[in-house]
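Have a look below at one chain only, the form predicted on its own, in structure tokens format.
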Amino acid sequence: MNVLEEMQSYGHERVAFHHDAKTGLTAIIAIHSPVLGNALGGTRRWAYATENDALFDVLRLSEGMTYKAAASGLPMGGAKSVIIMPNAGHQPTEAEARAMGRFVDTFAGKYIAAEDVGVSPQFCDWMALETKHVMGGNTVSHGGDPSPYTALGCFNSMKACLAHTGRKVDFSNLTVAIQGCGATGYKLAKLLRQSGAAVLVTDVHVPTMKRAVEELGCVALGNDKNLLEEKVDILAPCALGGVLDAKTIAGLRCQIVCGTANNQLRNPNEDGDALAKRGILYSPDFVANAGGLIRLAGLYLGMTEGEIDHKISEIETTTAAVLKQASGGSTGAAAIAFAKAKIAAGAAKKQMAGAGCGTGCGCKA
């Protein structure tokens, strides 16, 4: 993979690779766009099969963060980071986290790290011992676990999807399939069960799936069944990305796809069109799962709790606006157009603010 060509293809400003000899940390930070402001994006720890897989992931994730922040009306750019684990069982350590914190600090606040897959509030606090540019911890940094807000935002997005299809916004007679019942999936399942929905779950980690069954009354599917081919009202991908492609879309038996996972479409252009042609309503992932970003970015920007809660509730209206804009076509393409319009408006506003009145007086009018 040619890094510069890929950067230009996705529109990235900067991609930095880092290796810490003392701890063995290998990581990548990708800044996609700083047009609307400094970029807050999670740090993902994963045992990637190849370096190219890690690079592909961080490029896609950081691009999504740009659109997520813009669509949510946040004055922030888009970035992401990944830590390449040597093996799947590699346990996080304070030394590794502090090494990552030092890497983050080299961006001088242009990138603000946070939680993602494989990273906990404790890991964020360890990173924060080396940099002030991190959110999501409980002691040294702040913000805590954003997953409840991600789940709530997705639940709000589901409401908009139901309304868009002309259905009553009522979950009591619905069946929802959740792929991945970890941090966000479990909390989404809890909201759905509290609202009366029947919930099917699957997860590669059996104890996680068992917890959803025992504590929430969800129904677990065995390994011999494919959750994506179950006849349900809503499919909620809540694990890793790329789950929807030509093959899986052809087998879907749901009416709505709305989940918390990032980059759910393997090939965004083709897969967005394929879903639309099949009459399956897709809530674009970076719109539906923006609650966690809104929570941490809101705290970073100094918003009040009330302002943050209101902005998470607005995910419902944002979803409705994007679905309407799609006019029956690809909702993914409509969401990107929606976000790009916000970015263009923000860039124009900045340019006007810096241009002055044209008289040479030095004002910013």
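Only a predicted model underlies this, so the values are computations on that prediction, with no experimental measurement involved. We number the residues from 1 along the sequence you see.
Quick note: we don't show the form predicted together with a small molecule, though the next part is all about it.
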Practice prompt. Among 157 to 165, 91 to 99, 233 to 241, 129 to 137, mark the stretch whose residues have heavy atoms within 4.5 Å of the small molecule in the predicted bound form.
Written response: 233 to 241
Discussion item. With the partner left out here, check for me: in the predicted bound form, does some heavy atom of His32 sit within 4.5 Å of the small molecule?
Written reply: no
Item to complete: Tell me, yes or no, whether Ser141 is in contact with the small molecule in the predicted bound form, where a contact means a heavy atom of each within 4.5 Å.
Response: no
Discussion item. Please determine whether Gly182 contacts the small molecule in the predicted bound form, using a 4.5 Å cut-off between heavy atoms.
Written reply: yes
Fill in: Heavy atom of Ser81 within 4.5 Å of the small molecule in the predicted bound form
no
Worksheet item: Does each of Glu63, Asn269 and Thr331 have at least one heavy atom within 4.5 Å of the small molecule in the predicted bound form?
Response: no
Worksheet item: Given that the small molecule is left out here, which of Ser120, Gln255, Thr208, Thr248 has a heavy atom within 4.5 Å of it in the predicted bound form?
Response: Thr208
